[in-house]
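One chain is shown next in structure tokens, namely the form predicted on its own.
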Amino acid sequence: MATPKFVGVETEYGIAVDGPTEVNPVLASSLLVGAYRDGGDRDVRWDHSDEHPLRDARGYEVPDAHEPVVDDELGLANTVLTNGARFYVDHAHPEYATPECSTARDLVVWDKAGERILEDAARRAAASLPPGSRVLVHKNNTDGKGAAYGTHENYLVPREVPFGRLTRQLLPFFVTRPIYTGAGRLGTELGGEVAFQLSQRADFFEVEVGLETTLKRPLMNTRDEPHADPDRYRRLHVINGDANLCEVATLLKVGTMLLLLDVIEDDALPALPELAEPVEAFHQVSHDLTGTRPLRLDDGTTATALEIQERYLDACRRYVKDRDSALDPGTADVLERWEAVLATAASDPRALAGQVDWATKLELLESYRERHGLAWDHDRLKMVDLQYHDVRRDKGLFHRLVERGRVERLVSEAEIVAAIDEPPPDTRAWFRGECIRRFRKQIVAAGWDSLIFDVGGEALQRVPMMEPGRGTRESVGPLLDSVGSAAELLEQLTS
């Protein structure tokens, strides 16, 4: 029986400052993250001590000739929020990492909360700049000038599942899922006649498997950094997805993976033909809006992206049917939506507008292009493409479509607003977020798997959180309510 799964998503946002003074992206990102901190409260810093980004799932650690540089030395902002999320500067981008979630729907809620946090942070940051300045933030993956930035999904899976099996069984899935996960973009990085494509990220991938995330990007990332008990878990670090605004797309991106990982863990996925050239196929899928281009397989035959996705869907259907337990509503919803999206893509891909980002954006671009008689490479269309991703709800074109009822919503605004400050109740994120809310002044630093307290003793005290399913509101809520200070909490935890 498959173990419970947990997921979190890190999103690097695009940023630019428009105004009388030039501000470089690194400084702008630091201003933005710094502006969001609660005034007067001590910031809870990020604990880097248990991070190993060069540890490879294939069994070795890549040597690094440089001493690690921490954010304080770079002057970069990095903080942990009361909702259990991490908000920080990564290279030249503000990045929001959701708290750990146990369901795809919860991930949608806390991912949307991140958009609201970035919108608010940009408004606050602009107030610290010269009059007339605007801080523009976009939830996208490319600046249109040859640079890409990531949206990384993170899934905790049992270490006993061989990494080679994960790679073999997931590569065709990753290659073909842009049908519903792609954010859409004008043009291509690869040359040739591509007016519009499904994915913002696909053109930037060069190899099948590897440790890098910014150079020679691999379809399957091998970083072995579980942020949990390393003997029990591995973190599947997925870097090939797009940043989604459509809630249906986010739900499917995460929900299909959570279900498929259960199938793989139980070794219930039937053998599927492997792609002959996965990277080339990834580019081909992104450049084909119909999902019907034949992709070469290792056995000499071909299959389309839609056909490959149907095979995964069928395998997941059989898996849940064969289980003795009743199908939970969340999984049933994912299966139903997955089937419906593939059926729509097969009959009329553009009818996916309002559910998946690429089709929603394409409908917007085509309407604007026809109305003004523009070529596909016109700069005004590029601005429409970019403005689709603007996080400001009064300016972003996606948000205008939401206001007009042209985008399907899955979660309520009240849920999103609550998630800006509150953590998910059923993962260890609840303990992290609540401790920060209640005992901020006594917490020196926080990470995914520990909190570090300073309660005035001779040494700092670390509270480990190695199990993502522990530290929930149900399990530790009464304890937190029973203590009046961080010192009392530590005494109770160690007694």
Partner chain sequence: MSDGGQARESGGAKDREHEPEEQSATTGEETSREVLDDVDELLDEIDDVLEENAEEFVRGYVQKGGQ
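Residue numbers count along the first chain shown, from 1. Predicted, not measured: the structure shown is a model, and the values here were computed from it.
Absent from the display: the form predicted together with its partner chain. The rest refers to it.
- Just one listed stretch, out of 365-373, 416-424, 265-273, 116-124, contacts its partner chain in the predicted complex at the 4.5 Å heavy atom level, and that stretch is 365-373.
- Proximity of Gly14 to its partner chain in the predicted complex falls within the 4.5 Å heavy atom cutoff.
- Although the partner is absent here, Lys395 lies within 4.5 Å of its partner chain in the predicted complex, judged by heavy atoms.
- Taking the partner from elsewhere, Gln387 is found to have a heavy atom lying within 4.5 Å of its partner chain in the predicted complex.
- Taking non-hydrogen atoms only, Arg217 approaches its partner chain to within 4.5 angstroms in the predicted complex.
- Comment: its partner chain is not present in this chain, but in the predicted complex one of Leu313, Val194, Ala303, Leu129 has a heavy atom within 4.5 Å of it, namely Val194.
- Exactly one listed residue, out of Thr222, Ser102, Gln284, Thr82, brings a non-hydrogen atom to within 4.5 Å of its partner chain in the predicted complex: Gln284.
- Relative to its partner chain in the predicted complex, residues Lys5, Arg177 and Pro278 are all farther than 4.5 Å at every heavy atom.
- Counting a residue when any of its non-hydrogen atoms is within 4.5 Å of its partner chain in the predicted complex, the hits in 373-391 run Trp376, His378, Asp379, Arg380, Lys382, Met383, Val384, Leu386, Gln387.
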